[in-house]
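Here we start with a single chain on its own, the form predicted alone, put down as structure tokens.
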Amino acid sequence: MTSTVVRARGLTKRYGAFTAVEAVDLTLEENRIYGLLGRNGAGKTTIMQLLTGQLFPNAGELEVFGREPAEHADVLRRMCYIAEAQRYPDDFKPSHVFRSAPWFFEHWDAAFAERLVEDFRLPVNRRIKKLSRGQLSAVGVIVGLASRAPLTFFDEPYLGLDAVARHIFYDRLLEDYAEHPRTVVLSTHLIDEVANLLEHVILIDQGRILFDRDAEELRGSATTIAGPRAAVEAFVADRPVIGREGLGGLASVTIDGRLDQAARVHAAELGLELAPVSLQQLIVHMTGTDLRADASEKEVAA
């Protein structure tokens, strides 16, 4: 049986009149990889800062490892939070960061950190302020992975890495997670790149959770139907539409939900094309406003 690592109920954070996180209910189980996804400003970073005790909520209940995270050292030492713009003293070198890491992370693996340094080709004796954006990102990634903290947050620290380095990160994360399971939360805009890593997806928009679902359940949970506009509109008339595109007499409509065999046969008889929807496309449809969709709907209404 798995145990609950994080439990939040009605979690709310306000800044004056602005509500960054509103009445969020959230549960994280041990030894799972979560994707915390959403647009810029959706509230992802605020949620992670609340869970790691960096911010105090204005309302709601929060427990991490059974206690409130803020000001409880026994909780905080079991967590690692790596931010997109992780800051270190300018006169530090990566070697200083890695030597001091065992003071904060009781599961720190120095040998694993050395291997990652080689993988990312990181100059450990160059001053932090002289590192490139990608090299600085590598420092954070190495700390996050080698900390082996029971609860680890990556708040888009790998955006500065090139494509090869990002895939090294994904590979090393999966390899080490298999040998040393822990709870990992990834926040990223590179959704298609991490889609196969995720076991559970939490989508947040404007401070609220839109869905909190198992990744396997989401895969194939939406379908795009394309073809002549009249035939497409007739086919989707009684189905939940989450996205529309159109050009002239052609239309492409995305619906939420799987199609059974009878529906697929019917679509083929109408000459319609069916295509699966990737996780990234699903999230774009759920959180974006498509101007082309608005235009298509006006054309249909006309």
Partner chain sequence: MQIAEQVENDIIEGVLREDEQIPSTNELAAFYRINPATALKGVNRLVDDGIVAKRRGIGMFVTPGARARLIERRRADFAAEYLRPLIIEAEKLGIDIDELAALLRAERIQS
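Positions refer to the first chain, counted from 1. This structure is a prediction, so every number in the text was calculated from the model and none was measured.
Just so you know, the form predicted together with its partner chain exists too; it's not on screen, but the next bit is about it.
> Can you work out whether residue 98 and its partner chain are in contact in the predicted complex, taking contact to mean some heavy atom pair no more than 4.5 Å apart?
It does not: once its partner chain is placed as it appears in the predicted complex, residue 98 has no heavy atom within 4.5 Å of it.
> Is it the case that residue 118, even though its partner is missing from this view, gets within 4.5 Å of its partner chain in the predicted complex, heavy atoms only?
Although its partner chain is absent here, residue 118 would stay clear of it in the predicted complex, with no heavy atoms inside 4.5 Å.
> Any of the heavy atoms of residue 125 lying within 4.5 Å of its partner chain in the predicted complex?
Residue 125: no contact with its partner chain in the predicted complex.
> Indicate whether its partner chain has at least one heavy atom within 4.5 Å of a heavy atom of residue 269 in the predicted complex.
Residue-level check for residue 269: yes, a contact with its partner chain.
> Taking the partner as it appears in the predicted complex, which of 150-158, 216-224, 129-137, 110-118 has residues with heavy atoms within 4.5 Å of its partner chain?
This holds for exactly one stretch, 216-224.
> Among 198, 191, 202, 232, which has at least one heavy atom within 4.5 Å of its partner chain in the predicted complex?
None of the others qualify; the residue that does is 198.
> Looking at 51, 255, 28, 33, which has any heavy atom no more than 4.5 Å from its partner chain in the predicted complex?
It is 33.
> Sequence order please: the residues of 176-194 with a heavy atom within 4.5 Å of its partner chain in the predicted complex.
Stretch hits, in order: 177, 178.
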